[in-house]
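Just the one chain here, laid out as structure tokens, in the form predicted on its own.
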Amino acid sequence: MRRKNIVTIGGGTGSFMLLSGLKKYPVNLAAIVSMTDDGGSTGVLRDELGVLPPGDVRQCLVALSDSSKELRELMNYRFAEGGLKGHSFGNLFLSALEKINHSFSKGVEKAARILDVRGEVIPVTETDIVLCMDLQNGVKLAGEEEINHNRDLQRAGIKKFYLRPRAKASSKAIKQLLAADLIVIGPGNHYCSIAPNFLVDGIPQAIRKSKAKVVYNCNLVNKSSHTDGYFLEDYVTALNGLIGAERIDFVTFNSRRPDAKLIKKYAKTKDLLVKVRDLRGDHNYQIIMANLLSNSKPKFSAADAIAAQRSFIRHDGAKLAKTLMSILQS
């Protein structure tokens, strides 16, 4: 029997979690990764070395790696002092491979071989891009980090959301999308990890053309000042709008309520739980309700400069992968 092809689209810790669960199944995996990150260690390396952003790609490589635990830990190790404080070894490693090979994608391929990666990790584009957003009040935001920390985004309203310069999708990404049996979007930061992938020329077109089932893993919480008050339906509408067609067939949605202490922590910053407006509504997609919540407390390196921004209410990779496999086999 032919192995099924699963293609994921996203970035950051959401992709790491998802791929860590999916790699345990006998499927062909390809991870298409956002290339707009400019925060933390990644941002410094982009500015100082002129390299493409390695952070999200590093996380996907580690998630799919079948190498030793020591090598995977090395890739995620962050220096806590000195001139390299805040940098992860893996980011430096990928940047060095990009310089040696004169190509970020070729560097990623070399890293995948060294790490014995099960599947393929594909930068969505090799264009050096900046994520930009123009607000209705005339404010222009440049860079994922600036957008991520803007507290006026939703109140002011978005006039335009785009990449500078325009970017063309990797031919490998297009090929994988067209051959996919299942395309999995998210979870992750809507404006800074998920949506940027669909601003790359060729990605929406390939998804519209693909015969794959398309699944969106709905976020657990809304992001304060970005998606306050969003329901599941609002995320789907936004993503279908970026794709240019109603291509989302299934939406996974967590049915278990997180610990009250965590909810209270998020409530202080208005990062409230995502809800469904009408579970029995007339949707063009099927909502799959399941307990997808992680019970483990995430651990962050003390040297991680942006640890405070990272999410504490998270999906469980194994639970989500099991749900996705049931959709693939249906």
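In this text the structure is predicted, and so the values were computed from the model without any measurement. Numbers follow the displayed sequence, beginning with 1.
Absent from the display: the form predicted in complex with another copy of the chain. The rest refers to it.
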item: 4.5 angstroms heavy atom contact with another copy of the chain in the predicted bound form for residue 198; value: no
item: Another copy of the chain contact at residue 149 in the predicted bound form, heavy atom, 4.5 Å; value: no
item: Non-hydrogen atom contact residue 49 with another copy of the chain in the predicted bound form at 4.5 angstroms; value: yes
item: Partner contact for residue 74 in the predicted bound form: another copy of the chain, 4.5 angstroms, heavy atom; value: yes
item: All of 83, 92 and 113 within 4.5 Å of another copy of the chain in the predicted bound form, heavy atom check; value: yes
item: Interface residue in the predicted bound form among 45, 62, 29, 292, criterion: non-hydrogen atom within 4.5 angstroms of another copy of the chain; value: 45
item: Residue (of 168, 99, 172, 226) lying close to another copy of the chain in the predicted bound form, criterion heavy atoms within 4.5 Å; value: 99
item: Contact stretch among 177-185, 75-83, 121-129, 201-209 - heavy atom within 4.5 Å of another copy of the chain in the predicted bound form; value: 75-83
